[in-house]
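Let's start with one chain on its own, the form predicted on its own, as C-alpha cells.
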Amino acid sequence: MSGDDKEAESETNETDGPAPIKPRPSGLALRYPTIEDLRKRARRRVPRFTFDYVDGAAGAGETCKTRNAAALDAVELVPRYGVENFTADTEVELFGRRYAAPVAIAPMGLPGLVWPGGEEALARAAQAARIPFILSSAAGATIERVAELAPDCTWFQLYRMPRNELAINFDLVRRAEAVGVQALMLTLDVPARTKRPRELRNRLIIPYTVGLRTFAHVLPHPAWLLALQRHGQTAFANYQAYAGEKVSNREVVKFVREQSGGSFTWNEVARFRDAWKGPLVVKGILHPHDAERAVELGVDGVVVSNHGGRQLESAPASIDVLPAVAAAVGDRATVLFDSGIRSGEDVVRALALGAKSTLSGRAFMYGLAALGPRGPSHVANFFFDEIAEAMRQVGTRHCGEIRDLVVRHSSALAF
C-alpha cells in the first residue's frame, strides 16, 4: 500500500466529523495550499470514474471550464494603500442572515459518489464554518438529514420534475419548509441532458455496476472502498419516497431519469414564488434580461452561472456577464456568482464586479476526494484565510468596500 493510501485509510477510520475551523494555518494548509494541490491528490486517491465525474465538463475540449478560470485570472484589481492596519471582516449578510464569509458550497449532484457519505461531511463542515450548504435535489442525502446536521446553513436546490404539474417539486418544497431550509434555489440552465465525454468513456452509470471494470478502478483505492463499505451507495435519496419506499437504487435512478427534464419556465418560477414564502433564488442566469424577468416575478436572488462549464461548451465565462447582470438587477435583488472560483482572490474579484457572495463547487469536491471527511473543512479554512488576505492586500476592511475597487475587466460582455 502506498503512503497516500495508508494515510487515506487512517483518515477513513477517524470520526466522520470535520476538523474544527482553525484561525491559524494547519498542517493541511501547508501541504495543500491551493485547490490545485487538492485536485492533484484527489486524482490519486479516488477511482478514475469518480475523479472524472468531478473534473469533467461538457464538450470534447472542456473549453468552458477552462474559459471560466482564464477569465477570472484576467480580472485585475487596483489596490489602495495607506489604510491603517486592520483585520478584514469577511462576514456577509444574505437574505437577512449573517454568514462567516462570501462563499457557499454550491449545489452538486452525488457528492457521495466522490466520497461515500460526502453529503453529510459537507453539511457538517458548513455548519461548523457558518457558510451556506446548498443541497442538490440530486444528492445522496435527504433534505431532512442535511437540515438536521446543518440547521443554520441549509439551502435547497431543485431540478424540474414535470410529472403531474410539478407535484414532486412542490412536495419537495413542502419538505424543505418543514425542516427550516433557509433559501430555495431553482436551477434554470439544464434544459436538456448534455454530453460529457469523460463520463461516457468511463461508462459512468449510477448506481455503479459491479464488474471487472469496476474492480480495476476501485481496487487501488482502499480508503474509498472502506468508506463505501461504511456508508453504502445511495443515489438520489430525496426521490426515494416518490419512486417507492422499497425499490432499489437502480430503480430510483430509472425513475428520476424518466421523470425529470427541461428547464423551469417563467410561469413555473411564478408558481414557486407563490408557494415558497422564504428567499427564492434562480441559478443559471447569463443574460441581464433573464435576470430582470426573474426579479419582476418576485425572485429574491439570481446566480450568475454557466454550471461550471458542465452544460454548454460555448457558453461565456460567468465572470464576463456578471457586471451586466449586477447593473441590471443588483439594486433590486441579491446577485450571487458561480463557476470557476478557486481562490479567495477569485471571490474578491467577483464581489468587485457586483456579486454579493459566491458559490464554489469543484473546490469542495476536490477537498472531499483528496481528504475524505476532513476535506470540506480544510477548503472552508482555505477560503477564509485567502479572502481575508486578499481583502487586506487591496485595502478593503469589509465586504461592502470591495465593490468600490477599481477593476480592469477587458473581456466583459456588453449587452
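In this text, residue numbers run from 1 along the sequence as written. All of these numbers come straight from a predicted model, not from anything done at the bench.
Heads up, the form predicted together with a small molecule isn't pictured, but that's what we're talking about next.
A.B. asks: Since exactly one of 242, 159, 276, 170 fits, which has a heavy atom within 4.5 Å of the small molecule in the predicted complex?
C.D. replies: None of the others qualify; the residue that does is 159.
A.B. asks: Tell me, which of 371, 353, 54, 46 has a heavy atom within 4.5 angstroms of the small molecule in the predicted complex?
C.D. replies: None of the other options qualify; the answer is 54.
A.B. asks: Decide whether residue 305 counts as a contact residue for the small molecule in the predicted complex under a heavy atom distance cut-off of 4.5 Å.
C.D. replies: Yes, residue 305 is a contact residue.
A.B. asks: Under a 4.5 Å heavy atom criterion, is residue 360 part of the interface with the small molecule in the predicted complex?
C.D. replies: Close contact exists here: in the predicted complex, residue 360 approaches the small molecule to within 4.5 Å, heavy atoms only.
A.B. asks: Hey, in the predicted complex, is residue 330 touching the small molecule, heavy atoms inside 4.5 Å?
C.D. replies: Answer no; every heavy atom of residue 330 is more than 4.5 Å from the small molecule in the predicted complex.
A.B. asks: Indicate whether residue 119 is a 4.5 Å heavy atom neighbour of the small molecule in the predicted complex.
C.D. replies: No, residue 119 sits far enough from the small molecule in the predicted complex that none of its heavy atoms falls within 4.5 Å.
A.B. asks: Can you pick the stretch from 151-159, 245-253, 221-229, 76-84 whose heavy atoms fall within 4.5 Å of the small molecule in the predicted complex?
C.D. replies: So the stretch in question is 151-159.
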